[in-house]
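In structure tokens, the next block holds one chain alone, the form predicted on its own.
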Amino acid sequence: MANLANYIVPVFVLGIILYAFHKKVNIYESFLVGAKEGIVTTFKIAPAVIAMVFATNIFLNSHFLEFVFSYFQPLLTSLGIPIQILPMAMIRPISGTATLAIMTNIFQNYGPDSFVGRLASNLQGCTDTTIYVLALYFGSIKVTKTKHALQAGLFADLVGIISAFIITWLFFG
């Protein structure tokens, strides 16, 4: 079975080439057109990506989240919610890479099999990078009215956060 995985992509590419020959498509020219479109798309989305990375780094380096969460620590502790997970829950809609770094830090400090480690894993799987996706994809095609998409995405993230906590608590709490 492991060897089969090594052949999937080459067989898929060969299938595309055979299909193109059958349809009498100039494969090389089509490949160049696709590569050119890919480069153009990369340059179109680069400003949105750079802006999101810059804004996320400023926000994380300000330590604003730690300041805000310190006021809610007694309430969260009484509810059984580990305060270590809150930065990840708040940053997840903005940046997937930042939340992976937070999750790695949680794994290093508490272990992947701890409650907070399992909660971090579930949170990573139950939520998405909503604001990043809206900024990147909508920004690349110049969509400016994202009100309902943003509301729906953030609501889905909230449901994902709550679901991650409930699932982790039910299975590992």
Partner chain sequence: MVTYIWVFFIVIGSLFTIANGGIANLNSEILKGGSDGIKLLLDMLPLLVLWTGIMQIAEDSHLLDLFAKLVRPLLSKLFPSLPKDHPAIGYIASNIAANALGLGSAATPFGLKAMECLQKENPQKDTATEAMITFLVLNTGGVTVIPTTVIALRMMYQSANPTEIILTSILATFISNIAGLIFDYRKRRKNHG
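The structure displayed is predicted, hence computed values, not measured ones. Numbering follows the first chain given and starts at 1. For clarity, a rigid core is taken as the largest C-alpha set superposing within 1.5 Å between two forms.
Note that the form predicted in complex with the partner chain isn't included here; everything after this is about it.
L86, heavy atom within 4.5 angstroms of the partner chain in the model of the complex: Because no heavy atom of L86 falls inside 4.5 Å of the partner chain in the model of the complex, the answer is no.
Would M103 count as a contact of the partner chain in the model of the complex, using a 4.5 angstroms cut-off between non-hydrogen atoms? Taking the distances in the model of the complex, the answer for M103 is yes, it comes within 4.5 Å of the partner chain.
Partner proximity in the model of the complex: F69 to the partner chain, non-hydrogen atom cutoff 4.5 Å: F69 lies outside the contact set for the partner chain.
Spell out, yes or no, whether the shortest heavy atom distance between I94 and the partner chain in the model of the complex is within 4.5 Å. Because a heavy atom of I94 falls inside 4.5 Å of the partner chain in the model of the complex, the answer is yes.
Which residues in 103 to 138 have a heavy atom within 4.5 Å of the partner chain in the model of the complex? Sequence-ordered list: M103, T104, F107, Q108, P112, D113, G117, R118, S121, N122, Q124, G125, C126, T127, D128, T130, I131, Y132, V133, L134, A135, L136, Y137, F138.
So, does D113 move by 2 Å or more at the CA between the shown form and the other one, with the core held fixed? False for D113: its C-alpha shift is below 2 Å.
CA of F155, rigid core aligned, shift of 2 Å or more between the shown form and the other one: Superposed on the core, F155 moves its C-alpha less than 2 Å between the shown form and the other one.
Superposing on the rigid core, is the Cα displacement of T144 between the shown form and the other one 2 Å or more? No, T144 moves less than 2 Å.
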